[in-house]
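Take a look at this single chain in structure tokens; it is the form predicted on its own.
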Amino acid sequence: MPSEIPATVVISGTGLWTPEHIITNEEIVASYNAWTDKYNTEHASAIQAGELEAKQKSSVEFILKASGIKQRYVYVKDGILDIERMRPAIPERPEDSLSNQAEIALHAARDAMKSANKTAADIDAVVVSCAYTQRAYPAIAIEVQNELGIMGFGFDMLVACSAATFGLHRGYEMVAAGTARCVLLINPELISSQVDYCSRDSHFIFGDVATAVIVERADTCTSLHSYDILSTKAMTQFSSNVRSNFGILSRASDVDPFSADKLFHQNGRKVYKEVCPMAEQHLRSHLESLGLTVPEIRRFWLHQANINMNTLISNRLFDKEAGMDLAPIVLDQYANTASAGSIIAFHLYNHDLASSDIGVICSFGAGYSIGSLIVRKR
């Protein structure tokens, strides 16, 4: 039985940083539609000749139906709604200044450290796991480690929207193996710079945020709200249905490094059709590996992609309407925050669980990739 499973590794704290800037659906639709009118006017001759397709307008109703998103937080709002720019205006910082991604990572990291009652001296490793990093090297994690005064080591890892759970897996393994006493895992999702705000299918999807989690040995945990990690499970299956081609080969390939295919793009219908059953099966098999059934699970903290995916997966798992208590939704306010979504949900909706309650943190995304952790309230 789950109560008999010895746990040597725990989640002892979480942190969340939310940007101060909000873009509502009404704002983003007004901007996109104004840009669409401008585009269609400028290319009227080519559109009439059949050489180009006219851009279709967006609407608040379309966004709500397609995603359940009502607003999104962004690191920098300037530029995103400007129809002459359609991307955030983020000035480049000098090399001797703190990077943008390290800045937001530090906010979440300090929040998690406070939650877990940890100082820099307690932490051995820092992992930054997210969908994109703003540079290849030096690692953002090492920059954060330096700013916090943490000894030991740090590294970055990218697994798209599964990066947070895959990062937690690495933290769990390090602590379980004894190569680290305590690991700080951070998900600084600065996604707005990779959004194609000129695409009707994706201009509304993403928001910026940073989350962090502390993983440590059970015998060093002093947190009031901590969770035993009972099991981890991951799977990947190659697919190009969610993709970004941005990378170092763009220079050698003599192509536009900022063209639409270098930004986030997806075949949304195929993703929905293929990922939902994969995620459901993954979760069921993970529970079965511990002899657990869905009714024994107090809460699922799922990846926050869109409301339709979350509702389908959670309702099929419970064979009923799951609702906010069994499967909390945060994407209406935060939008899709890549890997951070399930961690936001866990951070905001875990303190009310009773001792010995069991929950599941799960994310899924490009790759395809799916990662989950079964946890038990201490």
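Given the structure is predicted, the values throughout are model-derived calculations rather than measurements. One-based numbering along the sequence shown.
Heads up, the form predicted together with ligand COA isn't pictured, but that's what we're talking about next.
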Applying a 4.5 Å heavy atom distance criterion, does F62 contact ligand COA in the predicted bound form? yes
Contact of K57 with ligand COA in the predicted bound form (heavy atom, 4.5 Å): yes
May I ask you to state whether A66 is within 4.5 Å of ligand COA in the predicted bound form, using heavy atom distances? yes
Can you tell me whether R200 touches ligand COA? I mean in the predicted bound form, with a 4.5 angstroms heavy atom cut-off. yes
Can you say which of 250-258, 270-278, 294-302, 166-174 gets within 4.5 Å of ligand COA in the predicted bound form, counting heavy atoms only? 270-278
To verify the annotation, which of these, N306, S244, S99, S231, has a non-hydrogen atom within 4.5 Å of ligand COA in the predicted bound form? N306
One residue of S193, Q266, S115, T133 in contact with ligand COA, assessed in the predicted bound form (non-hydrogen atom, 4.5 angstroms): Q266
Those residues of 157-174 with a non-hydrogen atom no more than 4.5 Å from ligand COA in the predicted bound form are C161
